[in-house]
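One chain comes next, on its own, written out as C-alpha cells in the form predicted on its own.
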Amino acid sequence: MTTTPQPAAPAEQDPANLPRGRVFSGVQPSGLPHVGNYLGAFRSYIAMQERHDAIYCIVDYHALTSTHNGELIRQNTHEMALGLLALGLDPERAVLFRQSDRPEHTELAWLLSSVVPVSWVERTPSFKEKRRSQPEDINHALLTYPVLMAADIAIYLARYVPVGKDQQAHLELTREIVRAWNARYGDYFVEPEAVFNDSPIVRGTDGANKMSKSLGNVIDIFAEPDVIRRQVMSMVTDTERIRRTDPGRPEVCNVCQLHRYFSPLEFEEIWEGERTARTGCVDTKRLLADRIIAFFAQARERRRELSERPGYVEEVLRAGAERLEPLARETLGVCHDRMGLGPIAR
C-alpha cells in the first residue's frame, strides 16, 4: 500500500437514473444553510430521498477540527438540521442524525486507520488547505479527518455519496481505504460512488472563493429579503466590464452563473443581455435577488413554522440515530470478528 489515491474525472449523474441504493452524505454544522450549500449538495439530498435509502449526517465530530466553542457547535448543528428540514428533507423518507449520537463512527475510524498509510492523509486537499488557513491549530484530527469521513460512509455500506466536485479527492480516498481493508480482511465494505450534480463549485459574493460562512461571502437562504438583496447587490461580477455600455462576459460572471439555477427558463436571454450591454450588472443583480427571494420563500415560511415546535429538531435527530443503531453495530461486529477483537470463539 504505497500508492497515493488518484481521483477519477467527475461525471454528472441524475439521481433519478441511478439504480436504487443506499445514500450517505455528511454536512458540517455551520448554522443555517446558504445558497452554496443548497446548489452544491442539498438539492441532491432532497432529490435522492425520493427513491433511495438516504442517510444524511450533521458531522459535529468533524467540526472539532476547527471550532472549539461547544455551544456554537450545538447551536450550528441545530440550525443546520432546521434548515435541511425546511428545505424539504423528509425524516419519514430519509434519516437525518447527528454524528456524535452514533459513536460507532469513531471506533470504525480507528479500525480503518490501521490500513491507511500516513502519506495518504498527509496529501489530502483538506489537510493542505487547513495548514494554510489555521497554521496555529494543526491538530491531529485534521490529519485523520479523511479516515473518519471514510468511516462515516462505510459503516452503513453506502453505495452513493452526493458531494460537490471539490470533494472528489476525499471520496476517492474513501474508496481506496475500503479497498485496502477488504484486501486485508475479506470483502465486506462497499466502494462508494460519488454523485455529482451539474452545479460547479459555487463562488461567493467576492467572486473568487468558494461560498463559505468563514469567509463571509455567502447569500443566506433564510435571511430577510432586504438582507438577501444587500448580499446579492454586493456580488463581484465581470471585473473587466468597467462601464454600463461595455459588453459583458456572462461565462465568467458569478451573477450570471447563478441565474442558470434561479432563472432556468430565461438565463440564456439574461446572458445575451449582458453580452450585448442591453442590461447592466446592477439590473442582473436585482433580478437575481428577486429570483432567490421567491425561490426560497416557502422554505423560509416552513422554517418559521418548525421553529415554533420546541423539541422537534432534537426529536428528528435522536430518532434518526436510533434507526441506524442496528446497522452500525452489525458493521462493527463484522470488523471485530475479522480483525481479531474480543474473546476466542468457543
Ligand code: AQP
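Heads up: residue numbers just count along the shown sequence, starting at 1. Here the structure is a predicted model, which means the values were calculated and not measured.
Absent from the display: the form predicted in complex with ligand AQP. The rest refers to it.
For this session: Name the stretch: of 34-42, 308-316, 279-287, 292-300, exactly one has residues whose heavy atoms fall within 4.5 Å of ligand AQP in the predicted bound form.
Result: Answer to the contact question: 34-42.
For this session: Name the residue from Val115, Ala94, Leu142, Val163 that puts a heavy atom within 4.5 Å of ligand AQP in the predicted bound form.
Result: Contact with ligand AQP in the predicted bound form is made by Val163 alone.
For this session: Go through Ile201, Ala183, Val252, Ile138 and name the one with a heavy atom inside 4.5 Å of ligand AQP in the predicted bound form.
Result: Looking at the other structure, the residue within range turns out to be Ile201.
Exercise. Do Thr205 and ligand AQP come within 4.5 Å of each other in the predicted bound form, heavy atoms counted?
Worked result: No.
Problem set entry | ligand AQP contact at Met211 in the predicted bound form, heavy atom, 4.5 Å | Looking in the predicted bound form, residue contacts with ligand AQP include Met211, since a heavy atom lies within 4.5 Å.
Problem set entry | Val27, heavy atom within 4.5 angstroms of ligand AQP in the predicted bound form | Taking the distances in the predicted bound form, the answer for Val27 is yes, it comes within 4.5 Å of ligand AQP.
Exercise. Heavy atoms within 4.5 Å of ligand AQP in the predicted bound form: does Lys130 have any?
Worked result: Flag for Lys130 set to yes.
Exercise. Going by ligand AQP in the predicted bound form, which residues of 83-102 come within 4.5 Å of it through any heavy atom?
Worked result: Sequence-ordered list is empty.
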